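This document starts with one chain, in the form predicted alone, laid out as structure tokens.
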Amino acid sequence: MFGFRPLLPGARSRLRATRSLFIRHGAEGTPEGRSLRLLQQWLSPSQREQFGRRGYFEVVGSDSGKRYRIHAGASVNVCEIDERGRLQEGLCFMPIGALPIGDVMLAQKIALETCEDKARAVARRFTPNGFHFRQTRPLG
């Protein structure tokens, strides 16, 4: 169902270290851990790499073909980007309920890739700045 891809140099040891730390602290069995694992399974190989290295991944909208960057987080974390990768308009939308971050990000990904116009219709707009999206730790 899911293919394997060759790891980049040094990625295998980082992956092992991250996984052992994750398991050691029991995070893999928490709602957050399970939601991030599910999100990883839905990401393409390039999206997984982006998410692991940069704390965000990019998707293409189903209706307009615009590119969006989904940053780690549950709100104020989606931005339209231009052809040079610069942040444009920020969009804040999420499913109803108190869901783990991975589930929220997966819902945002699916919404933009399948019903972009409806997601944009309910989203609140904001002006993005770099402060909102500083990555403090690797997530992939």
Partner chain sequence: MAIQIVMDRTGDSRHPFNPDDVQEVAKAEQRFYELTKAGFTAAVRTSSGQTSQIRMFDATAEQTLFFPRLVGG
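Numbering follows the first chain given and starts at 1. Everything numeric here is computed off the predicted structure, so don't read it as measured data.
From this point on, the text means the form predicted in complex with the partner chain, which you will not see here.
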Contact of residue 100 with the partner chain in the predicted complex (heavy atom, 4.5 Å):
yes
Taking the partner chain as it sits in the predicted complex, is residue 94 near enough to touch it, meaning that at least one heavy atom pair lies within 4.5 angstroms?
yes
With the partner left out of view, is residue 63 within 4.5 angstroms of the partner chain in the predicted complex by any non-hydrogen atom?
no
Taking the partner chain as it sits in the predicted complex, is residue 113 in contact with it (heavy atom to heavy atom, 4.5 Å or less)?
yes
Tell me, please, which stretch of 77-85, 63-71, 104-112, 49-57 lies within 4.5 angstroms of the partner chain in the predicted complex when heavy atoms are compared?
104-112
Does anything in 50-88 come within 4.5 Å of the partner chain in the predicted complex by heavy atoms, and if so which residues, in order?
none
